[in-house]
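Heads up, the chain below is alone and in the form predicted on its own; it's given as structure tokens.
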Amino acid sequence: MDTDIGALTVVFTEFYYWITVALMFLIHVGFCMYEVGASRQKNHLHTLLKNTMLIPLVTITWFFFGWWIYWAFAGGPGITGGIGHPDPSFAEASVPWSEGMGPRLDDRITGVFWAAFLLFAWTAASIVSGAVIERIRKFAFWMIAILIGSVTWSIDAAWGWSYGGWMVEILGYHDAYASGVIHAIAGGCALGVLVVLGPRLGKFAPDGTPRDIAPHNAWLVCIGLFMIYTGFWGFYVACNVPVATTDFIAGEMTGVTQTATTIYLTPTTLGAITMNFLMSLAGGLMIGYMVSKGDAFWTYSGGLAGVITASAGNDLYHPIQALIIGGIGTAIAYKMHFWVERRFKVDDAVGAVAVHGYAGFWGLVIAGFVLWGHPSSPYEGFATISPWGQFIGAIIMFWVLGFIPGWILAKILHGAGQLRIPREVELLGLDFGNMREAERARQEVLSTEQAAL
């Protein structure tokens, strides 16, 4: 009977993660629709190809080294253990030439689990994509996508989103549904790139007043965000680990209970997170509508910000807490977006830094207060959840692994002349893709300017 239960668990787990991958693919569909809707018509093809081609690039690099980084660096390394801590066999099995990375019929789990994490990597890269539309070179973005999708995100997941991560053990870091390990790091990376990239032409008036560049197609923005909401169901489920427990009384099996744990192996249920997901979405939509005075773009974005804010603790929150926390995070994200835009002249085209970065950062901090003293792990000796542990974790996610690497790579690309599209091409549209068309566009702009003089 134990063998039958084990076989059932394996089949269930395989199908469980396979379904999450299919659902999470809708997140990427949503991002493509959302970004095209937010961009102007002259930039549509550039926007689509920029985002689409991160799929093969991040997939290949994730296979060759991103997956190994996740299993190799949970200990820092050297903070709580060396490479492969706490189980070196997982790291050894994750190098591309290992048997575990091949089509083994006796291993039904590795491939779908690898794919679920890959879709998380795509999501992190796509978050950056929206912020930088209409002025970044495709090559530059693809290098940034590889950086966050297969390097920095892999590191932060190893540190703070693993049952043996040093941040969990020492800081009591808790981030069940990735407020920090995907959203804060991606928002921080986007901000680092934007500081170097600069605003779109015409975004700011000569006196520095920001101009509103309205979405080209509000319907695409709406449908794209609803696709992201839908894909988020797969995202949430993939953040859990399905398990089967067998109950025995007086030596006899009384039944099998299918349940789940978080990525930290702490217990949760799909029922609980379903309620909290919907309540945090509702809080974000309501507050997004209120603070933006009915602006459709920020209402829909507010729903996403609400879910992201509450995600750190949505395995443990009461539904009413999820509702309130989602609303608070949305208000903070909205206010910070416009303050940063005015104060530092940062042009975040779709509010990605706010919706993902600021909401994720403050979601971690709020979780530290609401869940203060709760166990972060089932393992003895691990720190409990605390405000200071969550705040330090938020700094690491947003600034150390997000902003700084993004800023450094953007500076390198800028220095090499490979970061930003030429001014003449940006004026006429980035869909002038090849060099002949770009040069013709440049000459037309120069002729127009000379005639005006």
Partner chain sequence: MSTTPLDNWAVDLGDVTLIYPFVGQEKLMVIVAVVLWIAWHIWQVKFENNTYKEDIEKHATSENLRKATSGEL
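Numbering follows the first chain given and starts at 1. Keep in mind it's a predicted model, so treat the numbers as computed, not measured.
This next part talks about the form predicted in complex with the partner chain, which is not shown.
- Put simply, P103 is close to the partner chain in the predicted complex: some heavy atom of it is within 4.5 Å.
- Shown alone here, P387 lies farther than 4.5 Å from the partner chain in the predicted complex, counting heavy atoms only.
- When the partner chain is considered in the predicted complex, Q418 lines it closely, a heavy atom lying within 4.5 Å.
- Contact annotation: F64 falls within 4.5 Å of the partner chain in the predicted complex, judged by heavy atom distances.
- Proximity to the partner chain in the predicted complex, taken as a non-hydrogen atom within 4.5 angstroms, holds for one residue of L45, L428, I412, V400, which is L428.
- Screening I395, L57, L26, I69 for any heavy atom within 4.5 Å of the partner chain in the predicted complex leaves a single hit, L57.
- No residue in the set I19, D87 and L119 has a non-hydrogen atom no more than 4.5 Å from the partner chain in the predicted complex.
- Partner proximity in the predicted complex, defined as non-hydrogen atoms within 4.5 angstroms of the partner chain, places exactly one of 31-39, 420-428, 404-412, 387-395 at the interface: 420-428.
- With contact defined as any non-hydrogen atom lying within 4.5 angstroms of the partner chain in the predicted complex, the contacting residues in 125-152 are R137, K138, F139, W142, M143, I146, given in sequence order.
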